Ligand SMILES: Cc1cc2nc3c(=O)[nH]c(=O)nc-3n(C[C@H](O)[C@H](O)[C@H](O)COP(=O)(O)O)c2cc1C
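Heads up, the chain below is alone and in the form predicted on its own; it's given as structure tokens.
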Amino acid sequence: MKITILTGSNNLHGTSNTLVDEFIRGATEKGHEIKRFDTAHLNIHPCIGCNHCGMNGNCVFQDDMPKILDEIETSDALVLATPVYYFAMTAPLKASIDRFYSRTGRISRKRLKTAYIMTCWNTDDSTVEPLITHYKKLVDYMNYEDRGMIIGKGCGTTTMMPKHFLEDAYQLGKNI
């Protein structure tokens, strides 16, 4: 299986990316091909709603997003990973997801398997519920198939992260 991963953290060694690394380890052991994009370290403009693309064409911006969308078009699975920054997913990941608009006609036709990896400092459900709702709505709208979520509450730093989340991410990678 070909898996595209979009991460949203600026911290390449932070909690969400640590879980992504474990996911990749599990998926690689199963023989899956991985393509990872760390969106916070790429040139991605936010969608401006101009509709130049018509939901099925080229965006007006010439940035890194077309290569991400090309990968998604040829993938079997899509993984989104983000830490919670001020009660939301990170801006780079959100900007990337907003740019899915330009290829909605092509990338929503495939029945992609998806997974969601999220980490946050807080341990209460009210912090993560809006992000879970957003992910589920995206999966539903795009006609994707959710294969699992890692909701890493209490993961403010890698040293305070409960160890079971590492195993959960590894197993999700093996079983996607």
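These numbers were taken from a predicted model, which means no experiment stands behind them. Residue numbers here begin at 1 and follow the sequence given.
Here the subject shifts to the form predicted together with the named molecule, a form of this protein not shown in this document.
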item	value
Distance check, residue 156 to the named molecule in the predicted bound form, heavy atom within 4.5 Å	yes
Contact label in the predicted bound form: residue 79 to the named molecule, heavy atom within 4.5 Å	no
Partner proximity in the predicted bound form: residue 120 to the named molecule, non-hydrogen atom cutoff 4.5 Å	yes
Residue 93 within 4.5 Å of the named molecule in the predicted bound form, heavy atoms	no
Listed range touching the named molecule, judged in the predicted bound form by heavy atoms within 4.5 Å, from 40-48, 59-67, 122-130, 135-143	122-130
Partner contacts for 2-38, taking the named molecule in the predicted bound form and a 4.5 Å heavy atom cut-off	9, 11, 14, 15, 16, 17
